[in-house]
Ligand SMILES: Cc1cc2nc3c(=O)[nH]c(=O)nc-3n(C[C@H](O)[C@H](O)[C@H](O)COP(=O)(O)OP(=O)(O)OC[C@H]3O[C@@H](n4cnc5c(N)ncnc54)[C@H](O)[C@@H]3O)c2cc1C
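One chain comes next, on its own, written as structure tokens: the form predicted alone.
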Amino acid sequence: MNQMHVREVHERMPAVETGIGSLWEQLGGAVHASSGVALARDLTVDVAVIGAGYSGLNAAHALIGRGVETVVLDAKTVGWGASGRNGGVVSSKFRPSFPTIARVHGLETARTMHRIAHDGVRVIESVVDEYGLDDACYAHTGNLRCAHTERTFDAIRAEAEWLRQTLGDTSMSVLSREEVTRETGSSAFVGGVLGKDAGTILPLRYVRGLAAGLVRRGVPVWESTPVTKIERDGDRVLLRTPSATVRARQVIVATNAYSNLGAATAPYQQALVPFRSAMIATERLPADLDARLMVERRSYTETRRMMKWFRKVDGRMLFGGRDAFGKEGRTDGLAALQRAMIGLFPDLADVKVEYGWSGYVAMTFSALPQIGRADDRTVFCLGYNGAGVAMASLLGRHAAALALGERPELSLLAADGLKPVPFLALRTPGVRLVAAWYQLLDAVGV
């Protein structure tokens, strides 16, 4: 095997240089009119949004549609955090399965959560259409979940049948071992379930394009503007930044796993378990490999607990997975990803890896996103648990509604105040312990 050639994002949380080694940066995308410019003058607005990712920008989009004067502030640049680092998988799911939700919370709750999950995909489609984001390359391709054991194949097949019979969801179909092998080009799987209501997108182009569209519509998006302090001032809130103060009636905090970039939003990190996720991208595949691997060009996931996922972008194999053990600034996690990729696709043994990058996924104790009020002036949305492209976009819309005093349908996602993760001091060693246990279970096929 050739020595791996990797250019990695040197991940020091939070001091990270944007996009070094990222395929998404190489592919580029829109740059909005205020790119890189920090706020330097005081402002008064109706709603201040902290965080220029999917949630924050979609909140701003919803607010300006209602004629609400809005500003967006970000400690870094648009797409610097998870919105510019993720794999670009647009999914209609939550971490807990819908049968599990029904068993624990009741059938009607599962039905509502199912509807909310699919609403997220519709939001992506509407944003891409309304803002003309053709270069984000959104495609409603579906997602194929590939079973690595007969036991997991039985489980996902039973889930698909439950969705069909109980919720009337006909978007799921079961594929045999031969069908999965033919589509993926890998003989490592025993079967799979295709979820048709899913897609892929170029994530950095999506978030930058949305920001550019908002700026054209008159929404200021100020980068390099961390919020250092939030104070009450009568019926207003004062957001202090290094060079200016923003007065607002309502605040939306949409900083997710990167909440500790600003002192004022750091407390929201207590509600999350940050989990590192990493990706590699190969050089462009030779024509014969390109014709054999992932022929339907959708996204693919495994059923292992320490899930790997893969798809083709720009003629390359993109392969990602959770990286709890990888140390920031080292290539250990990326080398492990390459080994896993070759284990599934031996034909890639001599294909060079040209890009490698990583970022943080925000996990929650409930394994579900959370949206609600921290107080009477502040709304938050966070914790997308690895399925955030569609859900973060949807919950940004709902955060805007909450800020305006409305009551959107949130079901299990509604949070009554910010709830810190139990045993917070044990968060980091706990993540490593759980990841080690999951890796052991995956290794023995349990």
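Please read these numbers as outputs of a predicted model, since none were measured by experiment. Residue numbers run from 1 along the displayed sequence.
One more form of this protein should be noted, the form predicted in complex with this ligand, which is absent from this view; the next part is about it.
81 is the sole member of 81, 209, 356, 333 with a non-hydrogen atom lying within 4.5 angstroms of this ligand in the model of the complex.
When this ligand is considered in the model of the complex, only one residue from 309, 138, 131, 98 comes within 4.5 Å through any heavy atom, namely 309. Contact between residue 360 and this ligand in the model of the complex is found at the 4.5 Å heavy atom cutoff. Interface residue remark: residue 227 is counted as part of the site for this ligand in the model of the complex, having a heavy atom within 4.5 Å. Taking the partner from the other structure, this ligand in the model of the complex has no heavy atom within 4.5 Å of any heavy atom of residue 175. This ligand is not shown here, and in the model of the complex it never comes within 4.5 Å of any heavy atom of residue 148.
None of 61 to 69, 35 to 43, 403 to 411, 48 to 56 except one has non-hydrogen atoms within 4.5 angstroms of this ligand in the model of the complex; the exception is 48 to 56. Applying a 4.5 Å heavy atom cutoff to this ligand in the model of the complex picks out 254, 255, 256, 258, 259, 261, 262, 265 from 252 to 269, in order along the sequence.
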